[in-house]
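As structure tokens, one chain now follows by itself in the form predicted on its own.
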């Protein structure tokens, strides 16, 4: 009997020492408090444009240092692979906790149940402190499916030295000015193809088209959802693109180019103009390891036609969302809140400008030499033009990409290409 008592008390003592209670096996600290268990999150980002991969890794390491019980597993893919990677992961049931989403995806991802609605988690004070255009990035039917992170648009970059050699005193103020200045630079033999675009048959070509549609005052659909892009500003935009190739001022390599290719061509002194995102400015203008035009880069808002539109600015923003499949949504939100905080965005503003209004009111926060970019950003962010917010956006964009390329390759006239695209878009909608 004494043996049994001694055995019982020995077991009890051992369980107390190891922190195991009889109540349910919950591990407790020596102070009696429940210990928080480490959490591992998985996050998906893109490789190119905006914050660099190293920037994201540095931000994440700083977050983990402040939150030692939360670890982050990072994965990076190209922008072109990002959408399908998210879809595939959701379908497999082993998706990510945090995903980078483009402004055009919330409608699709919300209706498919991929993204978590976090409207109640976002304080109104934060909404008011951020540019309104940024919130479109994560908004669908008045609900927020994430927090905006990358506020971006395409700017007109130009080589100041090339313009000077051509006797041009100021950068283009209109889209016609851009074409005219490119012809002058070409005719003077300064560079063979003055303009480089991102016209690869992917979202790249559609984005450049959207900027020009905005610049010519066009619209994509009427109030009833009927296509308008095959007339007016939409038609003028594609005619402008095609004519620039015929005139030899746009580099034919644009047809296979993405944003990073634009940076490479412009940075190697093979172009006088490029339409690209925020990240290009500091790389092209300051990084001699990647650019031969350091100190020569000018930047302006993309011009419009000068009649109806002065600034053409596409909303290319991106946000961070939490998946429905995440088992740790609270920790995922904590990570997102850290990455999108004003202090972190200001610290890493060399490649992506903050979404916080206060940043633009305090020049002391601006990195050295970035004033021209920030001045252009302030004007552009106030004129952000959204791509159509459609639940079937991916199918719509794919149709547009196909027919834009057909026109650029002279396989169809701009009018015939856009008419065919409009017909197919209507059929696609009817099949839904």
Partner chain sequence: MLVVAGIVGFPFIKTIYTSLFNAPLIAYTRKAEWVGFENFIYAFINPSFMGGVFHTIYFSLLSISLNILLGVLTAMLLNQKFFGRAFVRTLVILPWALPTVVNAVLWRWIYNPTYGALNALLTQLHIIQNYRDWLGSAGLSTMTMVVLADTWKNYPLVTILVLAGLQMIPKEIYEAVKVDGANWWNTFWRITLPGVRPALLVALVLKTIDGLRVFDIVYLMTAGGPASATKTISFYVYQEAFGFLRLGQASAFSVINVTIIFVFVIFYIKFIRSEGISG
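Positions refer to the first chain, counted from 1. Everything numeric here is computed off the predicted structure, so don't read it as measured data.
Keep in mind that the form predicted in complex with its partner chain is not shown, yet the notes after this line are about it.
Inset, instruction - Check whether residue 114 has any heavy atom within 4.5 Å of a heavy atom of its partner chain in the model of the complex, and answer yes or no. - result: Residue 114: contacts its partner chain in the model of the complex.
Legend entry - its partner chain contact at residue 306 in the model of the complex, heavy atom, 4.5 Å: Residue 306: no, not in contact with its partner chain in the model of the complex.
Legend entry - its partner chain contact in the model of the complex: residue 264, any heavy atom under 4.5 Å: Residue-level check for residue 264: yes, a contact with its partner chain.
Inset, instruction - Determine whether any heavy atom of residue 350 comes within 4.5 Å of a heavy atom of its partner chain in the model of the complex, and answer yes or no. - result: Contact with its partner chain, no.
Inset, instruction - Assess the spot marked by 133, 188 and 249: is its partner chain within 4.5 Å of a heavy atom from every one of these residues in the model of the complex? - result: Not one of the three qualifies.
Inset, instruction - Could you tell me which of 149 to 157, 69 to 77, 309 to 317, 200 to 208 sits within 4.5 Å of its partner chain in the model of the complex, going by non-hydrogen atoms? - result: Among the candidates, contact is made by 200 to 208.
Legend entry - Sole residue of 405, 370, 42, 60 within 4.5 Å of its partner chain in the model of the complex, by heavy atom: Among 405, 370, 42, 60, a heavy atom within 4.5 Å of its partner chain in the model of the complex occurs only for 405.
Legend entry - Listed residue that, although its partner chain is not shown, lies within 4.5 Å of it in the model of the complex (heavy atoms), from 294, 81, 126, 184: None of the other options qualify; the answer is 81.
Inset, instruction - Determine the residues of 115 to 154 with a heavy atom within 4.5 Å of its partner chain in the model of the complex and present them in sequence order; the list may be empty. - result: None of them.
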